[in-house]
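Single chain ahead, by itself, as structure tokens, in the form predicted on its own.
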Amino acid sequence: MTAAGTGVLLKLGGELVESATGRRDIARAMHRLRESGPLVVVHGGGREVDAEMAAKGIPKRAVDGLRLTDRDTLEVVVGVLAGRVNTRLVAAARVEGIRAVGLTAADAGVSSMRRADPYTAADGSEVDLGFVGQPMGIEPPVLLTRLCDAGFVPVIASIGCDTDGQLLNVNADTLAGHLAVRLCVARLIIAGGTPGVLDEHGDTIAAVTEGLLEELIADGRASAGMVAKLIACREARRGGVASVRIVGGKGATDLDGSPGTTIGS
């Protein structure tokens, strides 16, 4: 980014970019965000990964929204995220006049990575996640900074590698929160199929303090997929990102106007 406290880090859930219509809407939303300053995009693609794994007869295993990744699962994740999902999204962005560049977290050290430690789940159990990456480092990623300064929009698939070159699956929410801090962005927007954090009646909670965030995770009110989002948001807020929101992105071409939840207010 050109200066601390500027720009937007947008994380897209894979369900938003599965169809041509969804990619068109998101590309238009990206265009609107880009008009206000630098933009970096991180995306997942979990449902397409699930479908590919099912077709190959590979069972899905996950804990708190984090995919347990053995070698067979990793091959599918890399092929789907870094291949189909990333390239299609870049192509849709180009149609809207966005100078999009497709990347993974492994490219030129976008994010240093190590294999994640055993994970303590919300229920207290300890789980080996397998070939899952934990983002590292505090310095601004040079490649992303230079691309943004030159007017490009990096579109990053959540795949990394360790110092030995081993590819690693990285939770897209975790990567987005980490990069938001390293880039010193003004805003982190996590867009998915759900319009923010929901209460027991299915209504959007307008604002979640850090105290409430911890309660939602501890007492199980946050769904498995939402746990990873809340943790990423918490780390972004603690790292100095001024505005952090979880919003609904289905059919949205203006994510600033989408219903959602502000985190840490």
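A quick note: this is a predicted structure, and the numbers were derived from the prediction, not measured. Note that residue numbering begins at 1 and tracks the sequence as displayed.
In what follows, reference is made to the form predicted together with a small molecule, a form of this protein that is not presented.
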Q | Heavy atom of Ala222 within 4.5 Å of the small molecule in the model of the complex | A | yes
Q: Report whether the minimum heavy atom distance between Ala172 and the small molecule in the model of the complex is within 4.5 Å.
A: yes
**Q.** Heavy atom of Gly14 within 4.5 Å of the small molecule in the model of the complex
**A.** yes
Q. Is there a heavy atom of Pro38 lying 4.5 Å or less from a heavy atom of the small molecule in the model of the complex?
A. no
Q. So which stretch, 193-201, 207-215, 234-242, 25-33, is the one near the small molecule in the model of the complex (non-hydrogen atoms, 4.5 Å)?
A. 193-201
